[in-house]
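Here you get one chain, nothing else, as structure tokens; it is the form predicted alone.
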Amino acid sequence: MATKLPKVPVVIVGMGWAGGIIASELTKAGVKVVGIERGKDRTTSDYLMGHDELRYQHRTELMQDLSKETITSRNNRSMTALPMRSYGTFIVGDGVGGAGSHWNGQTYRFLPYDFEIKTLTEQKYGPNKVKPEYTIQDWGITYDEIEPYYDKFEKMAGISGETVELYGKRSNPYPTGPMVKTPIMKEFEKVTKKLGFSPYVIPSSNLSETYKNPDGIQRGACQYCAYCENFGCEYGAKADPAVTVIPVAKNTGNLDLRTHSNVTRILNDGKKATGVFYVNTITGEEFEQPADVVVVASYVFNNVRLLLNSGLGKPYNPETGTGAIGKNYCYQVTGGATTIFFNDKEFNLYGGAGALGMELPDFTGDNFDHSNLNFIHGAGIRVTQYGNRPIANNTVPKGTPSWGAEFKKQSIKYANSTFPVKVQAASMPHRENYLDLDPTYKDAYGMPLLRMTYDYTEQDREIVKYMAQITKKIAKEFGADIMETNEEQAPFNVNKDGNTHNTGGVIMGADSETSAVNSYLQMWDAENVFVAGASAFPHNSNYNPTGTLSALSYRAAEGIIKYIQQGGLLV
């Protein structure tokens, strides 16, 4: 029988970026908070001597244990979904810091166009530009309204970057300057400027210089050691909730952090949450934690699953288009890249950082004319230098044997002489791409797994064809000896595709009929439940999502404080 604990003002489920930011802001305001995290607590000391590629990248020590909890996946409704038992498409974090501990650190803002995408697209191209099966909608907030929260996050995390003219207006420059330019970045800058484009250094949470943030947290500069994605940063140079917002919350004395605790249900009376039910993952003990406010901040998939397993909100129905929980699941599109090989140039690609690279703004969002194109939105075209770790990187030209002496010879030859001109394109929501509960498979606690129904759409295939011509043009200007372009988008494969950015399922908006939460991430159907994270995005832009989900988390924290004071729906 579960132990019932004393009631608290706020309980937060998940202590990654969203949960950590909200915990920091609430505890600084004097609010008592219980933070529940299914994994372990972590600090930089956990990552000392941690440059172990096998342990962290290939055996995924920082990630969720897929033998106990995973998702099921299928490409369409006629298929039977099967559990994902090995990581491929995305990697779901586990422990304090969540995905914010093992991320690369690329930290963009979304465009003004993103937040009013339906209105602005129809104004410019007419109401028939987007087919009705694409369920795009405005976010219920404008860029100007979210800009102060972007600014607050960037100052807290010390984001390094440079102002880009084609992007939204900024109230302040980035708090630290851009990362250094490596030889491949300088080459990319030279050839793309020659083609008339406007390259810029990718904004980074890997600090370019020592920085002290407004909360008094001081961190050192990035060492360019190349162990970012899949790894925690032993120097604390990469902004991570575990080295920024969570220590601040702990120091207030108002945060009760409970690790190794897995929330399986949000307790509710049908109109409001009354608390959460969780299990100690080590002892198996069960607890009921009553609370006045419940914040769900446990990553896209678990946010949706917790609401569905708890009977909160109306599940999305793809046949009728009604309901909002599970609606507008989006991914990102990475086809269209061109990989280039040089026979007589080397670039020391073993060094780098997770957010080290250059990108073009020219083909993002609506920064180019779509009048005669069969898609909307766009892509970031970029080169990056993450650092090619030895086990995962053996890129060889097509036609090379996949094993044996010739493979070894070509791997060595091109180890520092090949890199891709990449594409990261936006993902528009489609009526048939959604999340719901699997009718067959359950987790280690007997709760239904989340089922993903997803495949790339005609919009995705068209954007890949277009961007492939751009990357091919850039690659040719590089003067490469071999060029290989991925010109067609293959069907989605959950064990193979290489982007990690999932969004949607608990989307925000101005209308309770078409969205699950308002612009404070407060549920329309349960006013004391706030659902934070990229699950709130109605579509996925061509940028990495952390900057936007973090900005929205600051707004949600502001809303929770208002709710504690006055109650009721905030919008």
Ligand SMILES: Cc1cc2nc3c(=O)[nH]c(=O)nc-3n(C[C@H](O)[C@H](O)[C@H](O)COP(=O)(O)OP(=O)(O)OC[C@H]3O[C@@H](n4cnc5c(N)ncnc54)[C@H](O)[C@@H]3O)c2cc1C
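In this text, residue numbers run from 1 along the sequence as written. None of the values given here were measured: they were computed from a predicted structure.
One more form of this protein exists, namely the form predicted together with the named molecule; it is left out here, but the text below deals with it.
- Heavy atoms within 4.5 Å of the named molecule in the model of the complex belong, among the stretches 102-110, 454-462, 183-191, 412-420, to residues of 102-110.
- In terms of contact with the named molecule in the model of the complex, the residue from Q289, S160, N230, T364 that brings a heavy atom within 4.5 Å is N230.
- Out of the listed residues G336, G326, G357, G98, G98 is the one that sits within 4.5 Å of the named molecule in the model of the complex by at least one heavy atom.
- The named molecule in the model of the complex is approached by P545, whose closest heavy atom lies within 4.5 angstroms of it.
- Although the partner is absent here, F478 lies well away from the named molecule in the model of the complex, with no heavy atom inside 4.5 Å.
- The closest heavy atom approach of G505 to the named molecule in the model of the complex falls outside 4.5 Å.
- In the model of the complex, the named molecule sits within 4.5 Å of a heavy atom belonging to N302.
- For the partner-free chain shown, nothing in 125-156 comes within 4.5 angstroms of the named molecule in the model of the complex, judged by any non-hydrogen atom.
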